[in-house]
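Take a look at this single chain, the form predicted alone, given in C-alpha cells.
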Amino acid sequence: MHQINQRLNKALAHRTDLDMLRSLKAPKKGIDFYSNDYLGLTHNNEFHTLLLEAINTDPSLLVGATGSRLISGNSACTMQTEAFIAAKHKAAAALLFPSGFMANLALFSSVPKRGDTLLMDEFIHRSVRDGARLSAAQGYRFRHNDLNHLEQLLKKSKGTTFIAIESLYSMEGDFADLETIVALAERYQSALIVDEAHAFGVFGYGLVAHKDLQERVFATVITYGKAMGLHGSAILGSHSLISYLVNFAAAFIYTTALNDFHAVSLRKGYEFLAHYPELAQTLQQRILEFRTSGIPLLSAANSPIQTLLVPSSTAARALQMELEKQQLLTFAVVSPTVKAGTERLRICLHAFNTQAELDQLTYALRNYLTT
C-alpha cells in the first residue's frame, strides 16, 4: 500500500509542478457564465412544478430500478419513453443511458470491431476516445474540422469505417460541417456517429434533426444534462443498432437501470422545450449581444460556448480568478484538457443572462485585454 501511495503522490506532485492539478471545489456564488444550463431549466420554477406533479402523482417513481435492464430493472415506463424519444427525433429507435459518457463508452467499445477503422475528430470528447480504446478497431484522429484530412484517411481506411464527430464542440464552441461530412461518409460507405451533447435544446432536437439528416447518420448521441437541465443520454439509430447494443454493449448490460422518474422527467423535458421555443430564441439574442462586444472570440457566432484564447495555464487561471472576484463565474480550460499553448477562458451563455450581466462581463474582459 505504501508503494502504491508513493506512486500516486509522485504523479500528483508532477501534475502540481506543471500547474495542472485538478481538485473538487464547493459550488460558487455569482453570475453563471460557466454551466451547461443553456436554457436555464435547472432554475425554472414552472419546469420544477411539472416534475413535482409527476412525483406527487406516483412517489414510487423515485425508487431504484432494482437491477440491470436485462434482469429486473426494465420497465414499461422506460420503454415508452424510448419510443417517445425516437418519434420526437424521427429515428427508428432509442436506448437510454445514465450519461453521455456511458452512451459513448457503450457505442464505441462494442460496435467497431477488429479490422474496422475509426476516424475521430481530434477534439472529440474523451468518452469517445475511451470507448475507442476498448475497441479492437484501428483508430485515427483527423485534424479538427479538416475535411481534406478526413478524406485522406477515408481513402486509406480498411474494413468498415466509422466517423466520430460532435455537432457542436464543447471546448471550441464551433460546429462540424454536418452536410459535407454526411456526403463524405456516403461517398466512402462509412458510418457517421454524431454527438449532439451541446446542440440538443439549443438548436431544437439537435443539428442532425434540424438539418433533417436522421436517415443519413448511423447513430446520434443525445445528452440531457445540458440544455434540458436533467441527466442521462440516448443513442438514436436503427432497430438493429439498438438490439445489438442491448446484446453486446457491456456498459449497458452490466449497469443498474435508471429509475422511472428519469424516464418521466425526460418526457416532461421534451414537452416543456416544445412549449417554450422562446427560450432558445432568447439564448440566441444573448449570444448576439455578447458577440457585438468586440472581444476577440474563437467560437462560432451563434454558439452558446464562447472562448477567449489565453495561451498559458497560469494566465488562464489568473483571469478566471480575477473574474470570480467580480462575481463572474467562467472556466479556465487548461492542459491536458486542451493542448499546451491553446489554453482558453470558456464562457457559456444562457437564456437567463441579463444585458447588465453581459455588460459587466464585457467590461471586465476589455480591462484584461488592455492591461
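Predicted, not measured: the structure shown is a model, and the values here were computed from it. Note that residue numbering follows the sequence shown and begins at 1.
The following text describes the form predicted together with a small molecule, which does not appear among the structures shown.
Shown alone, this chain has one stretch from 156-164, 265-273, 139-147, 196-204 that lies within 4.5 Å of the small molecule in the predicted bound form by heavy atoms: 196-204. A single residue from the set G173, G100, G229, G237 has any heavy atom within 4.5 angstroms of the small molecule in the predicted bound form; that residue is G100. The partner is absent here, but in the predicted bound form a heavy atom of S127, alone among S135, T81, N259, S127, sits within 4.5 Å of the small molecule. Taking the partner from elsewhere, T220 is found to have every heavy atom lying beyond 4.5 Å of the small molecule in the predicted bound form.
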